[in-house]
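Listed next as C-alpha cells is one chain, alone, in the form predicted alone.
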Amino acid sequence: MTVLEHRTPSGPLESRWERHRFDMKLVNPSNRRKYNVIVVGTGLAGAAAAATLGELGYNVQSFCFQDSPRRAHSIAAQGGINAAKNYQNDGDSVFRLFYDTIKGGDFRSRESNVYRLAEVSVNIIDQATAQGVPFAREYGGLLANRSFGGAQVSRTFYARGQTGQQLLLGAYQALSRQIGAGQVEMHPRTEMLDLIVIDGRARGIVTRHLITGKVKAWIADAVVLATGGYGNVFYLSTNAKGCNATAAWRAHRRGAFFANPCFTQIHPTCIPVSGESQSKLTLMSESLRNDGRVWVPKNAEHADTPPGKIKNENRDYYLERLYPSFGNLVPRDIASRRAKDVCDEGRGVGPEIGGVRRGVYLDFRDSIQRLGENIVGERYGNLFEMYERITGDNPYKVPMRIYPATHYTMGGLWVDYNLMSTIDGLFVAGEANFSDHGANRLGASALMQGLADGYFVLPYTLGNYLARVVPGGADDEHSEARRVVGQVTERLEKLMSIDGSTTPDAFHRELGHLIWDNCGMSRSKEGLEKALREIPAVRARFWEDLKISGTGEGLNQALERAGRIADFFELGELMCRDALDRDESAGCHFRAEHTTEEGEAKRNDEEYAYVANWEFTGVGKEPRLHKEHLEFEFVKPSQRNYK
C-alpha cells in the first residue's frame, strides 16, 4: 500500500525552503552528464525545467505534441504574473502574497508549498527580465504593476495582454540554447500515451508520433510531467483544443494518486457561448476588471435595451454593491457565481440560449472618461481588438459581454514538497500537479507556479532524487518497456476497430454537457449521483459506437482525439465522485447544500480540511481514497470575506 509522505519541512516558515535545499543531496557537475531525464510538455513549467536541467548538465529528452514548443498553451495567458516585489510600496510582502493565496484557495492548500511559491516569485521576475521579457514599465523605468482578483495590492507584472506569450518566448529561447548545445533533444509532434514503471520507479514513457503513427518507448532515469490541466473534460473551455489529460491520467493508472479532481476553476470573464456548434471559448483577461465595471440591468425588462441607453440608476454594479472593499476584483469563484446568480434571476444580457440570457456587461465607459481612450488602449488594446474580431462589437464604444467558463484546474497528480508523485522518480510540475492553489486559484498565479516549479524548484529536488539512484540499467528493449508498448498499440488498434457511427467530438460534447450541468459552477448530491449513473453509460456507448476514419499508420486527428476522450470519460467520473464525497463547499467547489446565509461557500474544516487523493483500482471499480490532512500553523482558517 502506498503511504503518503509529503516531506514538508518543519521549523520557521521563512527558512523552510532554504534549509530544505541545504539538506538535499547534490549531483557532482561531472556526474550529471551520466543521467537522462524526460520532460513531457513545453509550456512554462516544462520549458523552464528542460532548459534549466540542460544548463545544469543533465541530458534531457523534451516532448510536446505541438509542432513547436512555442505553441504550448501557456502562450494564451493574458493578464500577468504575480510577484511580491512591492514596487508600488502599497503594503505587499512575501507573507501577504502567501496569505492572499491561502485565503484565495479557501484554506485547502499546504502552507509550506504556498510560502515557497511566494518566496520564489521575486526571483522569477528577475529571471524573466534578464531574458528580455518586455514587461510594462512606469515612466521612471521601474516595472509596472496592476491589481488582480483577491488582492488589495498591485503585484501583477504584465506585458499588455500577452504576458504568457512573452514569458513563454523567454523560456523557449533558454530551451533553444540548450537544444543548440546538445543538452536537450527536442521531440515535437510526439504524444505521450503511457508511463513505464520498472521496479517501482518511473523509468520512461511510450509515445506515438503524430505524423508517422510510430509507437516507441523512451527510457530515462527520471520523468517530469508538465502537461497542463484537464479543463477540456468540459468540452467547452478556454483551453486550446489540443489540451488533454492523457499523460497525467496514464500515470494515474500506473499508480500516481490523483488529488482533488473536483477543484476546477470557472473564469468570470469569458466571451459567452454563442450556440451549440461552438467548439471552444475565448477568455478575456481578468486584468480587464481593473478598469472595467461589471453590471447588469436592475430590471429584466431592460435586457433588450441597448446598454448605452440604460441610465445609471437602472444599472446594478452588483460586485461593487456586494463587495465594497474588493469590488470588481473579488476572486474568480465568487465573481463567477454572482454572474450566474443575476442571470438566473432573469437579468442577464445578450441572446437567449435555452431560455436564459447568459451574459453580463464589462463596461469601460467610466475608465475612458477618466483616463482617456489612449491610456485604456495602451493597457488593453490587443484584448479589445481580439474581442472585436470575435464579436463584431467595439469595446471602446459598447460594453463587452462576458460570462463564466471553465478555465483552469487546481486538481492534478498528487506531489510531495519535492514535486514527486506517489511513483518514485515521477515528478509533476505546473498545472499538472495539485500543489499550490487549493480550491481556487487567484488570477496571475498560474504563470508564477509554472515558472517557479521549472526554474527554481525542480532543479534542486530532481537532483536530490538522482543523487540516490544509479544511472542507466534499462533501455527501450527492457521487457517492461516492450510490454507497455504492446498495451498502447493494442489500445490504438481497439479504438480503430470499433467502426461505429458516432464521432469522437460528438461523444466529447455529450460528456461535457453532463459534467458542466452536474459538476460545474454549482454541484448537488442529486446532480452528481445522476452524472455518476450516466457517464458510465455514455462511456460504454463510446466503446461500442465510436467512428474513426483513416488508419493508425499516419496523421489521424480523430484517433488522437478518441484516445484523449476515452481518458476524459474516466477522469470525468472521478471528478464527480470526488465532488460527491466532499460534502462541503470550498472555493470553486460549490455544493448547493452548503451555503452561508449570504450565499457564499460554506466549508466544513472539521471533516474536510484535507487533500483528497484517489488511487486507481480499475475502470468501473471504486477508487481508493487517501487523505492528506492539512495543518495550518501560520494562517487560521476563517470564513472568506471580501466585503
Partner chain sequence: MKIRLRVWRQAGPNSAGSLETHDLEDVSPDMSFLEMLDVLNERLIEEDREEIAFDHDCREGICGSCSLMIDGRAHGPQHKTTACQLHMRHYSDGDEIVVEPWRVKAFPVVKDLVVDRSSFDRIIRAGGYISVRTGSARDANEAPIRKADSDLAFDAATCIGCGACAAACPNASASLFTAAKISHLALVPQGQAERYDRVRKMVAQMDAEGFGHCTNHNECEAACPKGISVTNIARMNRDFLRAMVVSRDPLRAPDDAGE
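As the structure is a computational prediction, the values presented were derived from the model and not from experiment. Positions refer to the first chain, counted from 1.
Below, we turn to the form predicted in complex with the partner chain, even though it does not appear here.
Taking the partner from the other structure, the partner chain in the model of the complex has a heavy atom within 4.5 Å of a heavy atom of R389. Contact check for Y455: a non-hydrogen atom falls within 4.5 Å of the partner chain in the model of the complex. In the model of the complex, no heavy atom of T617 sits within 4.5 Å of the partner chain. The partner chain in the model of the complex comes within 4.5 Å of a heavy atom belonging to T52. Of the residues M420, I548, L362, L571, just one reaches the partner chain in the model of the complex with a heavy atom at 4.5 Å or closer; this is I548. This chain is drawn without the partner chain; in the model of the complex, the residue among G180, G355, P306, G91 with a heavy atom within 4.5 Å of it is G180. Residues placing heavy atoms within 4.5 Å of the partner chain in the model of the complex fall in a single listed stretch, namely 154 to 162, out of 433 to 441, 154 to 162, 94 to 102, 288 to 296. Of all the residues from 505 to 533, those having a non-hydrogen atom no more than 4.5 Å from the partner chain in the model of the complex are D505, A506, R509.
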